[in-house]
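Considered here are two forms of the same protein chain, supplied as structure tokens in two stand-alone entries, structure 1 and structure 2.
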Structure 1
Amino acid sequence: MSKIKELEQLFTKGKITRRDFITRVSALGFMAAVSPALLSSTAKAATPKKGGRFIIGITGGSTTDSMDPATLTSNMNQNVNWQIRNNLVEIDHNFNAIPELAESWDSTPDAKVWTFKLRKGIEFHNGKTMTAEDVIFSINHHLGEKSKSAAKAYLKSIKAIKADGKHEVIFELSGGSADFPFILGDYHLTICPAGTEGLEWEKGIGTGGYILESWEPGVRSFSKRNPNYWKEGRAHFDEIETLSIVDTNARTNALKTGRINYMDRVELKTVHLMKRMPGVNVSAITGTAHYTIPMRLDQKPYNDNNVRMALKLAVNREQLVKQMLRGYGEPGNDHPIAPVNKYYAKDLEQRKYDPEKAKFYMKKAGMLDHTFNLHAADAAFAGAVDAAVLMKEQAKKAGININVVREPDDGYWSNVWMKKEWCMCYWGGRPTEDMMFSVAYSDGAPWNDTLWKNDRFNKLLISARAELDKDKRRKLYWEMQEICRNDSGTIVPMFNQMVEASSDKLAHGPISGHMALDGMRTPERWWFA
């Protein structure tokens, strides 16, 4: 019955929809136990209302932020980007690709040629009508020699983009890719008017639910509802104010005193106090974000799988989740696929802390006297140095020596990650298995931070990518997760939850785990009840 109580709470707080609630309770077989009053009283809240000024206090904003979709580096500009712009494809809370500016799409049976039909009569904020030309321009912005786009790496498979009339865009890929629509749902790939350049990016002209009125990087953005918005049942607020509040205490106080309605990254040390605060709701959502500890397999002794296995077994994941994440997370299983992903291998055995076995493997490799240098800085993720020290103590019980090398935060991603033999790292995760594996685990991928090369894995990756049959794909991805777990050079100790807090005056549908702030779409999906 405790499960039912939990669901009831989730439902009354609006964390799950009425439909979700009924299905999940029915699944438990307890529908009769639910008070009918519960369902009638909150049903009202499920109908979105228009109006109000929604004020978000957000981390990560920097005065160097830009609205150029090629360099959306912070939570703040990613969120504002989706206030004002749309993609061809949206990724919903169930990790499905649903139509956004494209009303439908289709592919050849080998998943090599994709045709996207665009919605007609959609206008940019400046009055220009959106056509295939704008779409091609927006995607090409990330491609080619002059591109400085962070999205370039996963658009590499695009061979050609063509328009067929004004409302059809055809993508030709170098290999079959069943998940291609998901790639177009990436936050960089929003559609902007053709010919945008230089400072024009900062004006933020898009097709989105809000029109950018003012934008001061690292400080504040202000946008007003687009009266002409084409998407139904979305963008309910009159105005959105996005404030960059770097300091956690400042965000907490601002929410507590009603100066903001929403904050991301709640301080885990004090979240229990926050939960008791009147008028505040705390949400903890498991997404695809996870911590990794990659080893470079081109360097000794990490080329020996016995060593890798020993190090994987020497990590006490439960303790890390408990102490580093205060329980707001789940232990990882040494592969990057999250429980929310579609083809997550549920039945794969969870790797446990086993000092004896770790010692056995390390002995087999003849490396018990070796000192393993683990490079860490909090730039990798908040608490990375502490986590490394904790791991050092855990490994000691297996007779394994870890030496934590403290690195500067400055330049961590260019000087330590992928350069040092073993270091702390963080991934926001990807909505599909193919994107995640392709970007960081496949042979030759630019961010394959372990230089791992497993022939069977790479073969499976390519066949799964082009496979349109769901059951066959599931089988392929499950095997890949197993290979990754047992052979790859990455330790995946944990998946962290996104813990955020909001005013209880807000209402919303199911929260997405795709990215922080309800898949970065709070401004579009939430409303004042």
Structure 2
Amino acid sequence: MSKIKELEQLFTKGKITRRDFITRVSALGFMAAVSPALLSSTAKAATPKKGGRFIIGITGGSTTDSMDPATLTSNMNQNVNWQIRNNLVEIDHNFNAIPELAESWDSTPDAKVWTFKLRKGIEFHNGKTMTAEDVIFSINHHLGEKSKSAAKAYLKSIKAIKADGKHEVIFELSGGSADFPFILGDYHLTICPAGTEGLEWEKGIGTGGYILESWEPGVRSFSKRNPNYWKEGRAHFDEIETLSIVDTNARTNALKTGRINYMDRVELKTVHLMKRMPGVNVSAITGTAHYTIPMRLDQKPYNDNNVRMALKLAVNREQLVKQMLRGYGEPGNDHPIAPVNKYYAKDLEQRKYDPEKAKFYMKKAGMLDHTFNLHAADAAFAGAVDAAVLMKEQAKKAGININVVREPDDGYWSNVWMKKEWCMCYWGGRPTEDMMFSVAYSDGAPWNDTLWKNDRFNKLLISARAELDKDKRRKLYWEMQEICRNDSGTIVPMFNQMVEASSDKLAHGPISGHMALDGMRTPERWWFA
């Protein structure tokens, strides 16, 4: 009967469909034991209803946030961006690329030329009809010489973008890209009106399900349903209020008292108590999310791989997963590819905590007397400071000295990340290996936060991107993961489940593990039951 209870939980949380639930229970021979009320109530909840104000309490907001898609760095402006804008392509909960503003696409056999046919009659919030001109402008916005967009790394292979009439866009690439539609589903690459610049970005004009009414960076945003939204069965709320609430206890209390309806990053130390709260649902979704601890390789002594290897070996990953994640995750292996990714190197040896070997490498580097400053704030992720302190204690057994520097939460992503020599970091991950490596590990990538450069890795990245044979592609990505594990300046100690909480008055379909907050699409995909 425990299996039935497990299936009931999956069903009521929207992780499996009604048909899947009935099929699985019937196969077990226990259909008669299922309450008819469960089937009828859940079927009712699965029918979206319009109305209400959906209030989100979210981490990561900063007063330096902008609604310029090229500058999106925080959970807050990423979520608001998808409230008000759409991409050509959407990534669904099964990590598939499905049509959004593009109704279809195809490519030449070598995947060098991609043609996207646009939906007709789509209007921006200002009444302008979307055409190929807007798409070309929006993509080129990330490609300019002065652009610092993280998406620029994905788009480097574009040689030309041209329109064929008002409703067809053709991308010509310098090399084959089997994952190109996935790239156009990246949250930076939302489509905006041609000519948008300067303060016009902050108005948030898009084609999305909600219209931005007010925007206070790092504090609050407020949007209302777009009455002319083109998607059927989406954007059910009348209003969306998004609040930046960095403190976990404050978010928890806000949910408990009904001030908010949804919160990200549940405090794992007390998640068992939250599960007992009346009126609260807790979800734990496995995806591509992971914690990293990047070192800047342009600063000594991190340019020495002996130092990097010593610090990687000085981390007790199992202890971090147990104490910091409370078991809601698994150890990382110093590369960013998640077990849910298609080409995850499952046979790559798992790095273990080895103080003696760590000491050997640090002694080889001549740095046993050095004190390493590790910059941390809970803005990086909930419990980041505690994790840094725990790492400090773990490293002591290897004779390695770590000084934890506590940084302010506000402005962490603009003042600490990619600025300080060693710091705590968090990544939502990417749906494909090429995207994850391209944005954070390739030479010259805007978010290569360690400034790592490995010639073999970069050659493999180009080869794998163009390779259409899945078996050959797998071998290339497996080698890249091994190179990253052994040479890069990034410690990847843990892959975390996304543990979030919401009011039980909310309903939804299957939840995505692509990014936090149901792939950042809670405002569009959820509703009040």
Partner chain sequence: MDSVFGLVVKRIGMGILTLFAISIIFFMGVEALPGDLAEEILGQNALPETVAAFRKELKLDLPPHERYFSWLGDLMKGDLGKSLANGRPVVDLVGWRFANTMFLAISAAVIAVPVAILLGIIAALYRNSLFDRAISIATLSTISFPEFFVAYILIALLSVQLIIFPSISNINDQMSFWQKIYAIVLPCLTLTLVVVAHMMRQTRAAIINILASPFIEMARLKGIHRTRVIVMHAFLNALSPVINVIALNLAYLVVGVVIVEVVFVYPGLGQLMVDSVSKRDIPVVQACGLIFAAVYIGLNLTADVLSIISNPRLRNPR
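Residue indices: 1-based, along structure 1. Each form is matched to the other, and the largest set of C-alpha atoms that superpose within 1.5 Å is called the rigid core. Model, not experiment: these values are computed from the prediction.
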{"property": "Form selected (criterion: the form predicted alone)", "result": "2"}
{"property": "Exercise: are G121 and T371 on one rigid part between structure 1 and structure 2", "result": "no"}
{"property": "Smaller rigid part, angle turned between structure 1 and structure 2 (C-alpha superposition) in °", "result": "25"}
{"property": "Inter-form CA displacement between structure 1 and structure 2 at P336 - rigid core frame, Å", "result": "3.8"}
